[in-house]
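A lone chain, given as structure tokens: the form predicted on its own.
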Amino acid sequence: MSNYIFNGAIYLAALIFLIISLVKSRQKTRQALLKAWLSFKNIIPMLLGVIFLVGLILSLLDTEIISRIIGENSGPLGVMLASLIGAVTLIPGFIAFPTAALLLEGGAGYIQIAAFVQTLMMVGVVTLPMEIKYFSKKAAILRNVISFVLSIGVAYLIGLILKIWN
């Protein structure tokens, strides 16, 4: 119930700030809303694609299979698998976090999801050629390797914190 109240408060604050913006400058507010709409239109295909893909995966894999592959008891192998998937996947954070929530609801473990999201944000296997182009090959590979190792460390730290917390 408190989640609904929090979300409602966020929407109410956004509406209030929108009204203040409209009062201050209709033209700038209209331009900002148009830019936001155009950005949203560009994001929708990717968002729907990821939602479809995650929905398909969740419909094909029941909670037992998800738990076995990247569940709490999957151990280091599950963490490594989640890390590798995150490292080679290219999806933005605003899609990654809802995806992580769906996977958690589907039976994934916190450490595994932390590793997935952390490597997703910090390691860029797909973007490595572009990174090599702008930086050196050595720097790009070193950054990705360090990020990968640190991501796994952070995932285990999150797991430790959650064990202490609960």
Partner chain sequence: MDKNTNNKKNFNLKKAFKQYLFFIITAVLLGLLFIFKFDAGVKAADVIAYSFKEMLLVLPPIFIIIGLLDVWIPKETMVRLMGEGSGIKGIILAFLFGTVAAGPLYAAFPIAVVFMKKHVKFSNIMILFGAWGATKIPMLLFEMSTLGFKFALLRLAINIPVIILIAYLMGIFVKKDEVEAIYKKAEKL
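Treat the numbers as computed from the prediction; the structure is a model and nothing was measured. Numbering follows the first chain given and starts at 1. Think of the rigid core as the biggest set of C-alphas that the two forms share within 1.5 Å after superposition.
Quick note: we don't show the form predicted in complex with the partner chain, though the next part is all about it.
Novice: Residue 108: heavy atom within 4.5 Å of the partner chain in the predicted bound form?
Specialist: Looking in the predicted bound form, residue contacts with the partner chain do not include residue 108, since no heavy atom lies within 4.5 Å.
Novice: Is residue 118 one of the residues lying within 4.5 Å of the partner chain in the predicted bound form, judged by heavy atom distances?
Specialist: Residue 118: contacts the partner chain in the predicted bound form.
Novice: Answer for residue 70 alone: is it within 4.5 Å of the partner chain in the predicted bound form, judged on heavy atom distances?
Specialist: Taking the distances in the predicted bound form, the answer for residue 70 is no, it never comes within 4.5 Å of the partner chain.
Novice: Using heavy atoms and a 4.5 Å limit, would one call residue 77 a contact residue for the partner chain in the predicted bound form?
Specialist: Answer no; every heavy atom of residue 77 is more than 4.5 Å from the partner chain in the predicted bound form.
Novice: Suppose contact means any heavy atom within 4.5 Å; which members of 67-87 contact the partner chain in the predicted bound form?
Specialist: Sequence-ordered list is empty.
Novice: Cα of residue 16 displaced 2 Å or more between this form and the one not shown, core superposed?
Specialist: After core superposition, the C-alpha of residue 16 moves 2 Å or more between this form and the one not shown.
Novice: Please check if residue 50 moves between this form and the one not shown, taking a CA shift of 2 Å or more relative to the superposed core as movement.
Specialist: The answer is yes; the displacement is at least 2 Å.
Novice: Comparing against this form, do residue 125 and residue 51 have their CA atoms pulled together or pushed apart in the predicted bound form? The difference is 3 Å or more.
Specialist: Residue 125 and residue 51 sit closer together in the predicted bound form.
Novice: Just say closer or farther for the C-alpha distance from residue 45 to residue 115 in the predicted bound form, relative to the shown form; it changes by 3 Å or more.
Specialist: Pair moves farther apart in the predicted bound form.
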